[in-house]
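So this first bit is one chain, no partners, the form predicted alone, shown in structure tokens.
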């Protein structure tokens, strides 16, 4: 069990670093993250691992946690995430306003869907509190809040009707794709960048695959064959991603969301590629531990303290975007930004654990 927890922390730490790098678009090191060789990216990994971690909150089947205590803990975590989202959104708005003043460039006031906050502040601030108005690059925590709010329901269904959980989740996913159902944004008309009705399937898959019974048990018993089948999918779609060998999305049949490649609805081809990728890469952790134990320890510490690391990483990414805009980027600037940023994230994780040890 301890080895499994360490693996989850390591991959979550990797996802946090990759998200930080990818949220500074066009920097030199972005091309080395796995999203450039894959249809999926670290967002799927982060949500999948959140579902996997739910196993340790719910407890073992032979020793389940009381339902009331479980709901209290999960809803408390959701409230913590909600407060964190409001805090980093407010700081991000202040950073954009400061950049506009210091660099004498009003364009910053319109970055990342922030225009409404400055030009229509009454309605926009209501939208921020309701999570219906989200800044670009700050839109994954609202998804996480919704998933954590639904986690008690996931746990209860699994406890009383475990065989129904995955079919229910899959049905919601398919219905959302077929009819294009999503969550709208307000006051700016649009939709959530991460549609919770579809992304919940990755969360539930993470939880289901972590169990030793049902689908998770079947996968663990047959993981060798699954990896053999998954490898050609990863390689084939990886080649198509590198060389952009995709079909014309306007020529696919209806309902189009079943056939196109989309992140908002985490469309089937993207979902299949992600599942194949984690099946293959799940075999790598024992070798990584042996070859680079220091790196594993570093990333695992981040994974254990994912919320503060994610929040600081999101703000550092926005700061990196502003600096690259002001100084036009380049290898030297990118190296300083990425190197300093990862070091700060490591320090944040260390401080979080130091505080726990001190208390």
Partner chain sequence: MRCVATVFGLLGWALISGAAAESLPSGAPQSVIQKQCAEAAEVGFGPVTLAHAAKALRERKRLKVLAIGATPLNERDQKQGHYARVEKVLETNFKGVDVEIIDRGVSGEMARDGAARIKTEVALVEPDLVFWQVGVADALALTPANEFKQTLSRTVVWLQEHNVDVVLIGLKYQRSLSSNEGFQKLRRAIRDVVREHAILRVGHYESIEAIDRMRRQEGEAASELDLTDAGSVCLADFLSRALAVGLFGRSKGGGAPGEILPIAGTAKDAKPIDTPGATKP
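Numbering follows the first chain given and starts at 1. Just so it is clear, the model here is predicted, and its values are computed rather than measured.
Unshown form predicted together with the partner chain; subsequent notes refer to it.
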Taking any heavy atom pair closer than or equal to 4.5 Å as contact, tell me whether residue 287 reaches the partner chain in the predicted complex. no
Looking in the predicted complex, any heavy atom of residue 212 within 4.5 Å of the partner chain? no
The partner chain contact at residue 282 in the predicted complex, heavy atom, 4.5 Å: no
Residue 25: heavy atom within 4.5 Å of the partner chain in the predicted complex? yes
Picking from 65-73, 288-296, 40-48, 321-329, which part of the chain touches the partner chain in the predicted complex when contact means heavy atoms within 4.5 Å? 321-329
The partner chain isn't shown here, but in the predicted complex which of 159, 220, 256, 77 has a heavy atom within 4.5 Å of it? 256
Just one of 164, 171, 245, 94 has a heavy atom within 4.5 angstroms of the partner chain in the predicted complex, so which one? 94
The partner chain in the predicted complex - contacting residues of 242-261, heavy atom within 4.5 Å: 248, 249, 250, 256, 257, 260, 261
